[in-house]
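Quick heads-up: it's one chain on its own, the form predicted alone, in structure tokens.
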């Protein structure tokens, strides 16, 4: 299969696909469609994570502006808030994943968020390029498959 051998020109890929049977082409099309869907899911997850980190960075900025002793609602879950009092706006707990939290200053917390956002955007760009290439392969396989099916159809 051309897509697993690295970057092949579209003409070479199509020429290789034209040598395949209808069943092989269906398998290639289904596999690349599945890969495109998985990549799209990953892209959506990265967008969601980036949005959450952006919101966290803004929340850290807002938190740093509040005075000590300020009464506020503290989120325990996405839908459960409890009343609390701000003790120290310069120290925050940062969720670094898998249930681990690290105490950081608000500046360090914002820096952490910005670094993670930069990493996610880099990964997003790479996945977007890969998804585009896979989509092209899937479209080419679909076009070759349609042409083969049309050739095999009885002439009326």
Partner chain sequence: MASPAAVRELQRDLENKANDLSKIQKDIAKNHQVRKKYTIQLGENELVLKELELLKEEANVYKLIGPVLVKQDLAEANANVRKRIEYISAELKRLDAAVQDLEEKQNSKREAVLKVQQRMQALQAGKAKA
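Numbering follows the first chain given and starts at 1. C-alpha atoms forming the largest set that superposes within 1.5 Å between two forms make up the rigid core. The structure displayed is predicted, hence computed values, not measured ones.
The protein also exists as the form predicted together with the partner chain; that form is not presented, and the subsequent description refers to it.
Proximity of 48, 58 and 118 to the partner chain in the predicted bound form is absent: no residue of the three has a non-hydrogen atom within 4.5 angstroms. At the 4.5 Å threshold, heavy atoms of residue 93 reach the partner chain in the predicted bound form.
Using a 4.5 angstroms limit between non-hydrogen atoms, residue 97 touches the partner chain in the predicted bound form. Although the partner is absent here, residue 102 lies within 4.5 Å of the partner chain in the predicted bound form, judged by heavy atoms. Residues with any non-hydrogen atom within 4.5 angstroms of the partner chain in the predicted bound form fall in just one of 27 to 35, 59 to 67, 102 to 110, 40 to 48: 102 to 110. Taking the rigid core as fixed, one finds a CA shift for residue 99 of 2 Å or more between the shown form and the other one.
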